[in-house]
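The chain below stands alone, shown as structure tokens; this is the form predicted alone.
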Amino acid sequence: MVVRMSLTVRRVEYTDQPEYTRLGGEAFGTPAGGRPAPTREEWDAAGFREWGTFDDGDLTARLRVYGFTSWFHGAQVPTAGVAGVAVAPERRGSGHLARLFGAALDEARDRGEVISTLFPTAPGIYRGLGYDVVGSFDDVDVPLQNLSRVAAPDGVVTRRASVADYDAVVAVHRAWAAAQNGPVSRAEKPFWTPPEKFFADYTGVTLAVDGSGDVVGFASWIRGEGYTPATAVMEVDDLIALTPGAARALWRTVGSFSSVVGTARVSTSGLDPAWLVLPDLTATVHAAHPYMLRILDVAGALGGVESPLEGAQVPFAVRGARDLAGAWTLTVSDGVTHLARDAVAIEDAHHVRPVLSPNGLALLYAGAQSAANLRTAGHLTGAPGHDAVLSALFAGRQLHVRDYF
């Protein structure tokens, strides 16, 4: 006889924390001595949303959602960042995760979050939920001895930052992030930190200052242990430069440790322009963290995007996911995109317009793949006449991430 369990998906409550912590330990490992559940005060102050799937009252799957904004196409876009996903080993492959994501993303959409992102341990699982890989957050090891050959900057000097420089550091990050796709804005918890804590987290924060006294770059770093170059490693969380002179000045400052440190482990992504001033790109990827994106609201994400393609008009459709399926016409007027929903059946759309899968929609929006490549991957079908414009609408910005969650 088969006994049917009662499956419930709901927000996790504080009384569920011991089981929530235990399930997380099974998925991600538990430190010696165990991992204590948070206190009520810690849980209330955290600001994230936790969801669980319960089988006859037992927690069998869990996830956490961070609500923040990230930069895409020159705007801060409301984002649901998903983390801490875990399923009990006896329930894996039973569909618990799809229901859990469905509920959590419905809530995110109701809160006005138009995209969702995550760092996967197994990308294939999340592709089936409409996410796809748009970039990677990497820790890259750079030999400090190579940095001695970086050309000296003209008119840029470095100095140690203090709490009084916090706004200047934030301004540099914002200027850089606004020109990319993907960076977390750091305007909301847990990515926003008070100035005192920000500086306390590092051995030092070094500023690059131009001849006018303007801060045009910064590097945040942790010196690490030891003073033998063969084994000593320093960590560089951010090395962000707005000018080539700033990049050179910051790299040379990092390189000045070469007599006691052999390696700088730098957090980066893609082909970071700060790296283009280096005499060579000798480096080793220490750890790579793929970054995945899903669209939650077609009109909310694709509408209002700045575009120079004034007068462009592109009909398209999205197939597959229940929350995204439909047909739209995108037009560019007054320098931004506008979307109107069309009464066209998806089965008829292939004859007259391009049709995207949820994965293809995410890849296109992030500027990660062209229409031609999406067709090669099977994520774009239908009429090809609008492919070139469709690609151009969302291209032009690199995908970069600097914050792991």
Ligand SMILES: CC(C)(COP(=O)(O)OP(=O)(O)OC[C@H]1O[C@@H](n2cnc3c(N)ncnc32)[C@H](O)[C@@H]1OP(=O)(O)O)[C@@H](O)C(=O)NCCC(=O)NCCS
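Predicted model only: the values in this text are computed from it and were never measured. A residue's number is simply how far along the shown sequence it sits, counting from 1.
One more form of this protein exists, namely the form predicted in complex with the ligand; it is left out here, but the text below deals with it.
Problem set entry | Check all three, G93, H96 and G124, heavy atom within 4.5 Å of the ligand in the model of the complex | Verified in the model of the complex; spot residues all in contact, yes.
Exercise. Which of these residues, V169, V87, L105, V77, gets a heavy atom within 4.5 Å of the ligand in the model of the complex?
Worked result: Exactly one residue meets the criterion: V87.
Problem set entry | Contact residue in the model of the complex, from G335, G155, P194, G128 (heavy atom within 4.5 Å of the ligand) | Looking at the other structure, the residue within range turns out to be G128.
Exercise. According to a 4.5 angstroms non-hydrogen atom cut-off, is P120 in contact with the ligand in the model of the complex?
Worked result: Contact check for P120: yes, within 4.5 Å of the ligand in the model of the complex.
Exercise. Using 4.5 Å between non-hydrogen atoms, is V344 touching the ligand in the model of the complex?
Worked result: Answer no; every heavy atom of V344 is more than 4.5 Å from the ligand in the model of the complex.
Exercise. Wondering, does A27 line up within 4.5 Å of the ligand in the model of the complex on heavy atoms?
Worked result: A27: yes, in contact with the ligand in the model of the complex.
Exercise. Quick one: which of 147-155, 224-232, 112-120, 263-271 gets within 4.5 Å of the ligand in the model of the complex, going by heavy atoms?
Worked result: Of the options, only 112-120 has residues within 4.5 Å of the partner.
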